[in-house]
Structure formats: C-alpha cells, structure tokens
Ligand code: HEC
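Encoded as structure tokens, the following chain is the form predicted on its own, with no partner shown.
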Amino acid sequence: MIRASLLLCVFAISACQEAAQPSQQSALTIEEIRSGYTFLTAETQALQDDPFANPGLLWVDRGAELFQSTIAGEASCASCHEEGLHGVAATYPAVDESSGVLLNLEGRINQCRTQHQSLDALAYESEELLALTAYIFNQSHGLPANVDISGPAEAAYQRGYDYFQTRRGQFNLSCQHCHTENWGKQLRGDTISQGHGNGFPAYRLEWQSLGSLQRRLRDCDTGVRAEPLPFGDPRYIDVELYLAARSQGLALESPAVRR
C-alpha cells in the first residue's frame, strides 16, 4: 500500500509539472478514441474475449435469471420487455421525460422496480443491481455509445465536463491531466488509458469482482486524495453522461475485464 502511494505521488508530481505548461491536447479527436481494451496485455484481452473465461459473464447470467423472475408476486422485467432491451444501454445516461432527472442505467432499473413492480430500490454495488445492469448492458455489446446531450441533458453534460476538468484532492489533479493529456504513458507497470466507461460494469482484476462505473470514479477520486462522492450522487451521473459523450461511437464492451 505504501509503495503504491509513493508511485502515485511520483506520477502526480510529474503530471502537475506537465499540466503547468500550455495543454498540448485538450480534447480527443474521433481518430484518437481508444477503448481501455487496447491498453491491456494480450493475456487480459484474451480473458475478456473468452466467453467461457470472462468472469463478468457470471453476473450477466445471474442478471438474465433476475430479469425473468417474479419477486414477491410482482411481474418480472421480461413481462414488460418481452423482446429484451437491445440497444437501450447505449443511450444511457438519459433524462427521464416524466421527472426531468438524469438517470444512469442503475437509476432506470430502480425506477422500474419502485414505480412498476412495487419493489424496493436496489443498493449500488449490490449483487442484484450489478447483475441486472451487466445483463442489460451486455444486450448492447458491440453497439456504439449514442447518448443525447441536447436539450434538457445539455446542462448535465456541461456539469460532467466541468467535473472532469476540475483539479481536486491533495494531488491537485483533474481527470483531464491523466486521461486526456497523458494517456498512453507508463505509470510504472501500467499504461494510462483514456478513461472511457464503455466497458462498465466491468470485472477489475484489482477488485476481483464486477463493479460499476461509479465505483471506478470513486477510486479515481480516492487516488488523487479527494473525498469520493456517495454512490448515486447526481454529480457522478453527470460525469457518466460526459464520459459517454466523450466516447461517442465507441463500442460497448460490458462486461469488460480491466486491471
């Protein structure tokens, strides 16, 4: 743990020194957009690609069971969505028309449970919510991210952009410093990715479990010694929208495998 912190300190100092100079790369171009998959070792790529070895598919299978199941006598998800939800995940986060609130897919699942099934909302990172989210995302596997950032979503997109650009924590770093200005560089044994969320929910080898994009965002905030936001915080959902728009056109990979 001490060694990891020291490594992060070394990188933080280097990144801050580079950030003091005029930015050479303030945004990603379409030609440059790369999935985190391309920064993995060949062995980890093979693990993600193997339908029998990818551990994230265990949650997809569980999600399929939950989608078909009746709970406490209430109708199943499948009773309303008989043809599945192909392509739906690629459009999230999205503004809910009835409430005007920006929802990520976890929020949409919980809205369905509370409003249409008379069930309690599921907690973030619970096995049930991860499974359902992974199952629905997997139905859009290979489809490009295609979120709407116009109209009522525009303000949320701007807030997500601002969060991505803002320095925070004791290391005084923003997401931008790592994932836009320094992607492709080495942080000791790892290569810094562009920070796209197209593989989440993902199985991270560090976690030895499946986790949501919000869990990854919290890890990033913790990594720069900032106080992470609570799970489900609207500011993180704004960031999810910005990240989806930032990776517009990049194929969804969930459940991806990440380091």
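Computed from a predicted model, the values in this text were never measured in an experiment. Residue numbers here begin at 1 and follow the sequence given.
There is another form of this protein, the form predicted together with this ligand, and it is not shown here; the text below is about that form.
**Q** Name the residue from Ala156, Ala90, Cys178, Leu130 that puts a heavy atom within 4.5 Å of this ligand in the predicted bound form.
**A** Only one option qualifies, and that one is Cys178.
**Q** Classify His141 as contacting or not contacting this ligand in the predicted bound form by the rule of any non-hydrogen atom within 4.5 angstroms, answering yes or no.
**A** So His141 does not count as contacting this ligand.
**Q** Considering non-hydrogen atoms and a 4.5 Å limit, does this ligand approach Asn146 in the predicted bound form?
**A** Looking in the predicted bound form, residue contacts with this ligand do not include Asn146, since no heavy atom lies within 4.5 Å.
**Q** Report yes if any heavy atom of Leu241 sits within 4.5 Å of a heavy atom of this ligand in the predicted bound form; otherwise report no.
**A** Leu241: no, not in contact with this ligand in the predicted bound form.
**Q** Wondering, does Ser209 line up within 4.5 Å of this ligand in the predicted bound form on heavy atoms?
**A** Judged by the heavy-atom cut-off of 4.5 Å, Ser209 is well away from this ligand in the predicted bound form.
**Q** Is it true that Gln45, Ala134 and Tyr161, all three, sit within 4.5 Å of this ligand in the predicted bound form, judged by heavy atoms?
**A** No.
**Q** Sequence order please: the residues of 64-91 with a heavy atom within 4.5 Å of this ligand in the predicted bound form.
**A** Heavy-atom contacts to this ligand in the predicted bound form: Phe67, Ala75, Ser76, Cys77, Cys80, His81, Leu85, Val88.
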